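Presented below, as structure tokens, is a lone chain in the form predicted alone.
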Amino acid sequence: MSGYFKDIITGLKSLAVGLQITNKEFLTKPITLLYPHESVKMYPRYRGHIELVKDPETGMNSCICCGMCEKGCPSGSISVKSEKRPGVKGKVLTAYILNFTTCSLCGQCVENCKPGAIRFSNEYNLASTRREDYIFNLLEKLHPEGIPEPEVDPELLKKELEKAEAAKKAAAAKKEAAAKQEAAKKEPAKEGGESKAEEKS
């Protein structure tokens, strides 16, 4: 019988503790966010997919197209495409493809990037049912309004054009010299054939 009353007293004590916690939290402000109208604050150490960093002075990306991120990725998730344009120093980035379906967020690409052209983004809302939605062109994400053209250096353009013209002339001279040499080889053979014909006659 004493055990019965003991259980009742223990239950009432537990109820009182529970009600005390409930009354305390009842007056506090709710922390529920009305998603998607409200979003969680993302902290600097959060690791989302990588993104390109924009140079504040030029408005262009800081990538020098060295390919170290592509080489250092153990999953092969990165593909960097670039081209050389006349009048522009270095290579110009034309596409930076990230296959996020195979990315392990290891950070090797960010660590290998010497100019600091890539970093982890704070983007977390990536829910989708299509695999294609996780293949990003980071250059287009950096410039959604359109990829700007890099500034052309007139002096550099002039030097490159002069260099190309000189190379063109050198190639033409080499081709002409080769043609003359070939013609010179054919002439002795022709003369030898004519002298043999004269001896027979």
Partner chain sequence: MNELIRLLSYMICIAAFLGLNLAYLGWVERKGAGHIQRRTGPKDVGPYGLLQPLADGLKLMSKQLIVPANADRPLYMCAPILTMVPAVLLFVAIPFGEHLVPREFNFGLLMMFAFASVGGMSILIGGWGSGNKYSLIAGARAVSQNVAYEIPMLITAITIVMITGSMDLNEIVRQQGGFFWNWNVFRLDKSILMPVSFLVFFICSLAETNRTPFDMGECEGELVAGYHTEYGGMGFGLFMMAEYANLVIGCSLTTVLFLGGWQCPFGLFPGPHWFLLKMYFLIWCFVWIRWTYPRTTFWGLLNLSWKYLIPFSLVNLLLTALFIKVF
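This is a predicted model, so every value here is computed, not measured. Positions refer to the first chain, counted from 1.
The protein also exists as the form predicted together with its partner chain; that form is not presented, and the subsequent description refers to it.
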query	finding
Lys158, Ala167 and Ala183 all contacting its partner chain in the model of the complex, non-hydrogen atom within 4.5 Å	no
Any non-hydrogen atom of Lys174 within 4.5 angstroms of its partner chain in the model of the complex	no
Contact test in the model of the complex: His37 vs its partner chain, heavy atoms, 4.5 Å	yes
Close approach of Gly59 to its partner chain in the model of the complex, 4.5 Å, heavy atom	no
Its partner chain contact in the model of the complex: Ala16, any heavy atom under 4.5 Å	yes
Contact segment among 158-166, 138-146, 49-57, 25-33, judged by heavy atoms lying within 4.5 Å of its partner chain in the model of the complex	25-33
